[in-house]
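What follows is one chain in structure tokens, specifically the form predicted on its own.
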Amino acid sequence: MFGEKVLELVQELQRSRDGTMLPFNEDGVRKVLEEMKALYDQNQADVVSTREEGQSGLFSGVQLRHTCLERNQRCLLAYLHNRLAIIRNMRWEFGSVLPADVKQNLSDQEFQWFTKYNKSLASYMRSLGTGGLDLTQDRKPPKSLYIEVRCLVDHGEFETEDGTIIVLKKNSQHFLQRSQCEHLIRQGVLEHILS
């Protein structure tokens, strides 16, 4: 029946709603495109035979196939658009480098899109202010400028912006500016202690 292959793609997309990135279903996309080409070719043949032989009984079949073509197109575009939205969210969550397991689930075109998006975002952030502004640093507005953090691993020395050197040892607690330790929190070196 028409549209079953594209429905599988949409169901696969629904399974990845939690933000995980399933591997790109190249085979499924290819099958949908082949089905769309077959529907288009059949429509073209029916239109030609209608013009030449004057068979008006083929119009309902042409309309049905055309509707199936449009549905396949909408579903395929939704599949691709939502995958790109997940990739865009991962750029804000993980930074400019994707984890290896996510990277291997991307198609070549998706990885190229991620690279271009990354460059565009970096260019935009450099253009803000005098020295640029890192928009990925504070994903939520801070409630205070200083936060209490606990070191989860032995990281070694950490130099703050004012030149103070702090030794980050496992289970040590520090009171630091949020802007200076946000990247270490995202890397898993520090954890924010909520009191």
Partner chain sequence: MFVTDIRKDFYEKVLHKRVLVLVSFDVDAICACKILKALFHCDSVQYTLVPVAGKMDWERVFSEHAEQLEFVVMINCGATLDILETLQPEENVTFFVCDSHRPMDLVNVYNDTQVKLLMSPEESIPKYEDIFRDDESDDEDDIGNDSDGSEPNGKRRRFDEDVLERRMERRRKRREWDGHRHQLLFDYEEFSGYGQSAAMIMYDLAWKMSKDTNDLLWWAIVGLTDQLLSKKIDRETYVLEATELNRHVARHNHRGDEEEDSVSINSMRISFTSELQLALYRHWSLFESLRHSSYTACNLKLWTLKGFKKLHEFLADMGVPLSECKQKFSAMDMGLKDNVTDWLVTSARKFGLEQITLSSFHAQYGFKNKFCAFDVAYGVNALLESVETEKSQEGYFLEALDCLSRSNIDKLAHGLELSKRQFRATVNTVQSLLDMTQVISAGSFLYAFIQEGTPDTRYFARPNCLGMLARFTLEAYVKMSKNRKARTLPLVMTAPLNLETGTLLVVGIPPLPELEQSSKNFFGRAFEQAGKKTSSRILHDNFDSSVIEMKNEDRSKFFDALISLLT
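Quick caveat: nothing in here was measured; it's all calculated off a predicted structure. Residue numbers count along the first chain shown, from 1. Only the largest set of C-alpha atoms that superpose within 1.5 Å between the two forms is called the rigid core.
One more form of this protein exists, namely the form predicted together with the partner chain; it is left out here, but the text below deals with it.
*Asks:* To verify the annotation, which of these, Leu184, Leu176, Met21, Leu13, has a non-hydrogen atom within 4.5 Å of the partner chain in the model of the complex?
*Replies:* In short, Leu176.
*Asks:* Among Val167, Ala45, Leu135, Val153, which has at least one heavy atom within 4.5 Å of the partner chain in the model of the complex?
*Replies:* Partner contact (heavy atom, 4.5 Å) among the options: Val167.
*Asks:* Although the partner chain is absent from this view, report whether Tyr146 comes within 4.5 Å of it in the model of the complex, heavy atoms only.
*Replies:* Taking the distances in the model of the complex, the answer for Tyr146 is yes, it comes within 4.5 Å of the partner chain.
*Asks:* Even though the partner chain is not shown here, does Glu52 get within 4.5 Å of it in the model of the complex, heavy atoms only?
*Replies:* So Glu52 does not count as contacting the partner chain.
*Asks:* Answer for Glu157 alone: is it within 4.5 Å of the partner chain in the model of the complex, judged on heavy atom distances?
*Replies:* Residue-level check for Glu157: yes, a contact with the partner chain.
*Asks:* Check whether Ile193 has any heavy atom within 4.5 Å of a heavy atom of the partner chain in the model of the complex, and answer yes or no.
*Replies:* Yes, contact at 4.5 Å.
*Asks:* At 4.5 Å between heavy atoms, only one of the stretches 24-32, 158-166, 125-133, 59-67 reaches the partner chain in the model of the complex; which one is it?
*Replies:* After filtering at 4.5 Å, what remains is 158-166.
*Asks:* Superpose on the rigid core, then tell me if the C-alpha of Val167 is displaced by 2 angstroms or more between this form and the one not shown.
*Replies:* Yes.
*Asks:* Please state whether Cys181 has a C-alpha shift of 2 Å or more between this form and the one not shown, with the rigid core used for the fit.
*Replies:* Passes the 2 Å threshold, so yes.
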